[in-house]
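Take a look at this single chain, the form predicted alone, given in structure tokens.
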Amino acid sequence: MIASDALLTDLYQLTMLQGYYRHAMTETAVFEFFVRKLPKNRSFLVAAGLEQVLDFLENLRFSEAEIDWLSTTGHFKSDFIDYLAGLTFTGDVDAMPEGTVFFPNEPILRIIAPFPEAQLVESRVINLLHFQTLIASKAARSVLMAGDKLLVDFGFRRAHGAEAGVLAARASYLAGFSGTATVCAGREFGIPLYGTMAHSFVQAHDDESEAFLRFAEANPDNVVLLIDTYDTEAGAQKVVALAPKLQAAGIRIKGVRLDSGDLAEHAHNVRRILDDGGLRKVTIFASGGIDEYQLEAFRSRQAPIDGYGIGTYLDTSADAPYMDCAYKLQEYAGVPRRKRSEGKATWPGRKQVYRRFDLDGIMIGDTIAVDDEICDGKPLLQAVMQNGRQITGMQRPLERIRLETQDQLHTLPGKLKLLTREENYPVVISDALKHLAQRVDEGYS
């Protein structure tokens, strides 16, 4: 979606690379991406964005135009510019599969590559993983609250740019949404498309019933009518009156949409009007300021709503618009490394995450361990790229990822499915990793 990827980085990545190049610091480096802490009221996160990261790494190279532009900035020596002209990603990647539930300090991606390559990609890797993981994690909460209701991403118009809007559709579908209104996401990822009509279509007609009729005739296979432009209940009555005429023409009204006011109250009233008019199979779809908290409220009020369009609050992750995440050096030239900054210390070396389940398949605890350590549970990080190329057979269709994410959500303990954080999921650090950190610290002193 963005033509130039190599320049999607921070200046200091390139200035550091110039230092590495000057001093031949090209031995193998290991970086890991993780989240330091959960956003407020979150109990878990859902990994997403790996597919875009791997595509970025596999295709990483500076174009001739980018090289020409870099040479004009005055920041870089000519021999370093020549080095960048030939730079590609040749490393390995281990990662948790997309859709995996994870928790703070657990690495969800590890890059093992010559130092300049591993350093250069930091900014874009964080950019891709942070955003989709943020959206997928929020979308999963709506999925848990909605049960078997239809959920559609409606947020493109309020997303922070085109790429964000399209990737939000992907992340929400991965997390369990039914589809999106964003047409480009349908083309790019094969996500099912949903759409109804806008108030402007109704306003453009002198008569609301005429607007409904014309829309139905133009879209006979997708007749979902927006009925709250003027008076919601009156709009429902007009739908009942119009139904026999459409039926005679072989057109069935699929649903009505509510977009304003007290959606639960209107839904109860509209359901009664439709049922009394013999339209029991006509569904009610609601949109307008909806998020997981509203879904929980609708459920408590037993609102007869069959599906929801969720937009602004999802695509901007309005209640938690960022995560405290990081991509940190864990090893260089075979030596474990550790950041010890106050409040931002890291666990050194290559790591693996093991997950344990009870007899019913419910998650009961994770262990963060040294990579070659054997612990109880299922190891979560897998090799997905070697020598700069994605491993054949590791790519998964988005539909399969979506189904596997649902399996993940079913393994969550009950308290983690709530919208408030009642307790923290147990994540322990292995003794071997603690001892490694101690040895690294002693080496610094």
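The first residue of the shown sequence is 1; numbering continues from there. Computed from a predicted model, the values in this text were never measured in an experiment.
Form predicted in complex with a further copy of the same chain: not shown, discussed below.
Quiz prompt | Interface stretch in the predicted bound form with a further copy of the same chain - options 64 to 72, 372 to 380, 399 to 407, 386 to 394, non-hydrogen atom within 4.5 Å | solution = Of the options given, it is 64 to 72.
Practice problem: Classify residue 424 as contacting or not contacting a further copy of the same chain in the predicted bound form by the rule of any non-hydrogen atom within 4.5 angstroms, answering yes or no. | Solution: It does not: once a further copy of the same chain is placed as it appears in the predicted bound form, residue 424 has no heavy atom within 4.5 Å of it.
Exercise. Using a 4.5 Å heavy atom cut-off, state whether residue 25 contacts a further copy of the same chain in the predicted bound form.
Key: Result yes; residue 25 sits at the interface with a further copy of the same chain in the predicted bound form.
Quiz item: Is there a heavy atom of residue 183 lying 4.5 Å or less from a heavy atom of a further copy of the same chain in the predicted bound form?
Solution: It does: once a further copy of the same chain is placed as it appears in the predicted bound form, residue 183 has a heavy atom within 4.5 Å of it.
Quiz item: Is residue 428 close enough to touch a further copy of the same chain in the predicted bound form, meaning at least one heavy atom pair within 4.5 Å?
Solution: Residue 428 lies outside the contact set for a further copy of the same chain.
Practice problem: Select from the listed residues 247, 302, 200, 78 the one whose heavy atoms reach within 4.5 Å of a further copy of the same chain in the predicted bound form. | Solution: Selected option: 200.
Quiz prompt | Listed residue that, although a further copy of the same chain is not shown, lies within 4.5 Å of it in the predicted bound form (heavy atoms), from 102, 89, 298, 131 | solution = Only one listed residue qualifies here, and that residue is 131.
Quiz item: Going by a further copy of the same chain in the predicted bound form, which residues of 107 to 138 come within 4.5 Å of it through any heavy atom?
Solution: Result: 115, 119, 122, 123, 124, 126, 127, 130, 131, 134.
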